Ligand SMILES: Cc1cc2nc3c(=O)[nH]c(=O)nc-3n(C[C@H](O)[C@H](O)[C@H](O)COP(=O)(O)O)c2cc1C
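Next comes just one chain, in structure tokens: the form predicted alone.
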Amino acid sequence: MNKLKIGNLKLNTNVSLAPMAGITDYVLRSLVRECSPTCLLTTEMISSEALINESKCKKRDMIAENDLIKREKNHSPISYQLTGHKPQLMADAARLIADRADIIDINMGCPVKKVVGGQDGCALMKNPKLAKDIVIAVKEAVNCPVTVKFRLGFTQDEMNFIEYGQQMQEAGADMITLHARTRKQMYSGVADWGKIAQLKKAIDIPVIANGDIKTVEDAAKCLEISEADGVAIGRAAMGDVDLIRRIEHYINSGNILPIPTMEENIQNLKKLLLKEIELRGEDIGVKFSRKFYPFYISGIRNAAKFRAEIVVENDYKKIIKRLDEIIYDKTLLSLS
């Protein structure tokens, strides 16, 4: 399988970390990078208006410490995802982060009500002309590749992903990531990978498949059905930061590596928790990390019981003690 070539940027991978608001933060990106030196990282969704407003109050080097755009040198290749519906603001925001971004990605797929209600995200699929204007403006503002992520359409009766993709290509998009659900589906139902194949046949730029890829086997099946140029891994990476590396290994070799053990999962959760505390402080770091607990401990016996205990605990040391107790009790580490 040919490695991704996005505009003038050649990558050594076919796998990306999908952008997820409140999830793909600096810590998660760093942990994924530790496992995979080559995958394409993607930031959380960054509001163009919020970034512009912040730039008016802070110096440029201070903006770089914003948790959303903070990065390390080894985070390349990395894509910074912007959201908004005002072409000039989107272009101005892209300029602000262009010196640290290998790619600028434009969010046209977020289904959340407050985002869509503000005319951002998936709402742009109802206004292809405005969406094209945004891509054109951002392309003119930066020298790096510009990509777009969107869905099948707003509803089942409004699936315009093929025509929309063609228009994004005409506007200058260098790659498309397609989440194979409609906005109305949100994250329910089943991603229709066959629709991705339809888009792939209709355009000439690379297409990345997104949705319901939870295992290496899922990735293999998705690539076969979608005929996509690569896959984007979302929620599955929340409890398995090594998944992307294993998918890359499969694509490169055809071999499937073993999944992490339950003990390794818990050790990874401890590492994530510590890094979030180092970044945010203990109070906020612990609360921020709670969303990850179910993904890491779902495989142990009595997982719901342990999750209920640690999700209300605010003391870092007590959480670590409880996680260590799980590790030392081998009867809990077999599948529930």
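Quick note: we count residues from 1 along the sequence shown, nothing fancier. Since this is a predicted model, take the numbers as computed values, not measurements.
Not pictured, yet referred to below: the form predicted in complex with the ligand.
Chemist: May I ask whether 40, 79 and 139 each come within 4.5 Å of the ligand in the model of the complex, counting any non-hydrogen atom?
Modeler: Spot residues vs the ligand: no contact at all.
Chemist: In the model of the complex, does residue 18 have a heavy atom within 4.5 Å of the ligand?
Modeler: Residue 18 belongs to the contact set for the ligand.
Chemist: Does the ligand get within 4.5 angstroms of any non-hydrogen atom of residue 226 in the model of the complex?
Modeler: Contact check for residue 226: no, nothing within 4.5 Å of the ligand in the model of the complex.
Chemist: Using a 4.5 Å heavy atom cut-off, state whether residue 89 contacts the ligand in the model of the complex.
Modeler: Output for residue 89 is no: heavy atoms all beyond 4.5 Å of the ligand.
Chemist: Is there a non-hydrogen atom of residue 265 within 4.5 angstroms of a non-hydrogen atom of the ligand in the model of the complex?
Modeler: Contact check for residue 265: no, nothing within 4.5 Å of the ligand in the model of the complex.
Chemist: Quick one: of 234, 145, 260, 165, which gets a non-hydrogen atom within 4.5 angstroms of the ligand in the model of the complex?
Modeler: Contact residue from the list: 234.
Chemist: Out of 306-314, 273-281, 41-49, 66-74, where are the residues with a heavy atom within 4.5 Å of the ligand in the model of the complex?
Modeler: Correct option: 41-49.
Chemist: Even though the chain is shown alone, can you say which residues of 154-179 have a heavy atom within 4.5 Å of the ligand in the model of the complex?
Modeler: Only a single residue, 179, comes within 4.5 Å of the partner.
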